[in-house]
Ligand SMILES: O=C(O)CCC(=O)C(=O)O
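Coming up is one lone chain in structure tokens, specifically the form predicted on its own.
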Amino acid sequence: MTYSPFRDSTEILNSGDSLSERLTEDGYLFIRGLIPRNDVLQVRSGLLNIANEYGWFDKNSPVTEGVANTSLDATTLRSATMAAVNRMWCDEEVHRLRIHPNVLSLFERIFKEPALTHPKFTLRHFFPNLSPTDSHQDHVHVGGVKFCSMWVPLGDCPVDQGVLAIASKSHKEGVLKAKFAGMGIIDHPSWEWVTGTVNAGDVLIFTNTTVHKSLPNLTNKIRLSFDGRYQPASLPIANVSVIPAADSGCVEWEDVYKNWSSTSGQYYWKQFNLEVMGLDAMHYEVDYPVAFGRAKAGDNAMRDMLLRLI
């Protein structure tokens, strides 16, 4: 497959009208340096130090490089060290980065009203040689009415480290049928796939129906990133987006916050009078018996997908 470079929207950063028009046209925005680089690298350092306590990295390389420990089975390492995953998801600096003033002001310009950051988010740890995330649309998994996703690599992410790829203008097709559990959308001949290096501080924003996927991580390093969701505060939000993610290991937000050093950034969504709705599972077809059968038969991509879902 051939990929074109991202269309850079940094030059229109301060124009809400231009940002909204381009998002409507292309289905995505690529903006360089939205978040101060040092803020991102500080969060990265904290997460790397947590992961290092659980043996994720090569002992002969600096922890700052994030070189994976090849003596471990990368497919099961994450599930075998869930304590590390839990601690990383609950890290207070990660949560504050999602609601950085630069981020909120950007979405307020786009939405032309106060922006709500979804309390729930996804923190990813993409090990080398794992199957990349298949093409999908976030609306199927997140629900609600209208939102944008923002992908933020926690560190410099060259193309060969598993950067995201976007199917430009695919959002205009509405919600599309996928192969399994909302994953694996068949490419349309009219789509132009775009990608490129995304460095610390850069962000990739796309609509809830924009088709996207990750490219394979062909390096020896673990790619750290998070997916945040943002919407106009006046719109309904799905119930699955106001609870802690399974990776937190927590049922209540009190448990997420128990080791924080400050109350700053806690319960920020309660300032809004939110309308909470159920998740529409209409497009979310999960046939687990078939899926487990394929995984047991040697379908590693299905196995990796199940590990992400359950």
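On a predicted model such as this, the values are computed, not experimentally measured, just so you know. Note that residue numbering follows the sequence shown and begins at 1.
Not pictured, yet referred to below: the form predicted in complex with the ligand.
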4.5 angstroms heavy atom contact with the ligand in the predicted complex for residue 227: yes
Interface membership of residue 138, the ligand in the predicted complex, 4.5 Å heavy atom rule: yes
Partner proximity in the predicted complex: residue 195 to the ligand, non-hydrogen atom cutoff 4.5 Å: no
is_contact(residue 214, the ligand) in the predicted complex, heavy atom dist at most 4.5 Å: yes
Complete contact of 124, 164 and 223 with the ligand in the predicted complex (any heavy atom, 4.5 Å): yes
Contact residue in the predicted complex, from 231, 133, 209, 168 (heavy atom within 4.5 Å of the ligand): 133
